[in-house]
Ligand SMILES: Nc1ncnc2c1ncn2[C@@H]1O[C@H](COP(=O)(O)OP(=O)(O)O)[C@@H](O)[C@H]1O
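The data below hold one chain only, encoded as structure tokens and taken in the form predicted on its own.
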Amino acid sequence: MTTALKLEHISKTIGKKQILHDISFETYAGEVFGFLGPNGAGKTTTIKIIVGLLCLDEGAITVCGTALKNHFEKAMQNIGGIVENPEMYKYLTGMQNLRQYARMRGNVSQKRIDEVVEMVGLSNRIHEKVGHYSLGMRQRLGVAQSILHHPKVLILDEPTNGLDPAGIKELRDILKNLAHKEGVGVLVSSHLMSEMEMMCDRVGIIAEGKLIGVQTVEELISTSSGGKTGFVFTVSDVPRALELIAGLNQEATRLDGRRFQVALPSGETDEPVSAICAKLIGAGIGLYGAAPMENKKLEDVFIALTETGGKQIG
């Protein structure tokens, strides 16, 4: 994989408070990387350092192979982004804002402007003044502006703010398309865990200014579940069924008068489930159902890892 963005041992102190502690991770071209953490964990500070709005105290950042510290302008040519809320000229129309930004960039055609306007779903409102836009519309315009110059790295801080469910889905599709089809390295922060679970290829979780770890969503959920998948069996005689299951060397737990659960290795459930069903039916026990329990969600894992509401940086 081609590294799009690389952070090495980033630390930052503001005043007397250390906000970031030795943060290191990298994102790849062609992936959506979720940067997750509670309020005050250090997400926005990290993003501001990446885009040059804050100076780092220690460490190094590389953008598409270019060191940010030594070649700032060259590195920034590869970055597009929104930090916190997108800022626009409210007395200008959406199109005028994009044309102004295109002039600043110097290498953006009208064809490209029209293309991104269509991509973010603003074609029918792009000639209205931004002062009349809703927060969600301004967020769409901000995304359009951030991708005008074909950046290789796209960084979005809470981009779903103000979007309705349909808008969130559209944004998710835009970001996945940019990453998976155009090879852009996308880094996105958000509090919407369900959305991050659907959008991201990998996630990095930060708490108290320290990076807890980086994994794929599937790996993170599987690890937090101990690599096990719970299967629930509904039967006519739970006590007798548990006696039989014990003979198969399986870990079983009674749930109620008709159901029990067996913990099986994730990804290796077919044969054990088949053996359990055969054992129950062979013993004359009525088997009414066998189904996997609902998997843990990213939100459950996130809360467990970050202890939300507890240790946070203000």
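The numbering used is simple: start at 1 and walk along the sequence shown. Note that the structure is a prediction, hence the values are computed from the model and not measured.
Not on display, but discussed next: the form predicted together with the ligand.
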Problem - Non-hydrogen atom within 4.5 Å of the ligand in the predicted complex for each of Val143, Lys169 and Leu175 - result: no
Exercise for the section: Quick one: find which of 60-68, 31-39, 283-291, 249-257 has residues within 4.5 Å of the ligand in the predicted complex by heavy atom distance. Expected result: 31-39
Practice task
State yes or no: in the predicted complex, is some non-hydrogen atom of Lys43 no more than 4.5 angstroms from a non-hydrogen atom of the ligand?
Solution key: yes
Problem - Lys17, heavy atom within 4.5 angstroms of the ligand in the predicted complex - result: yes
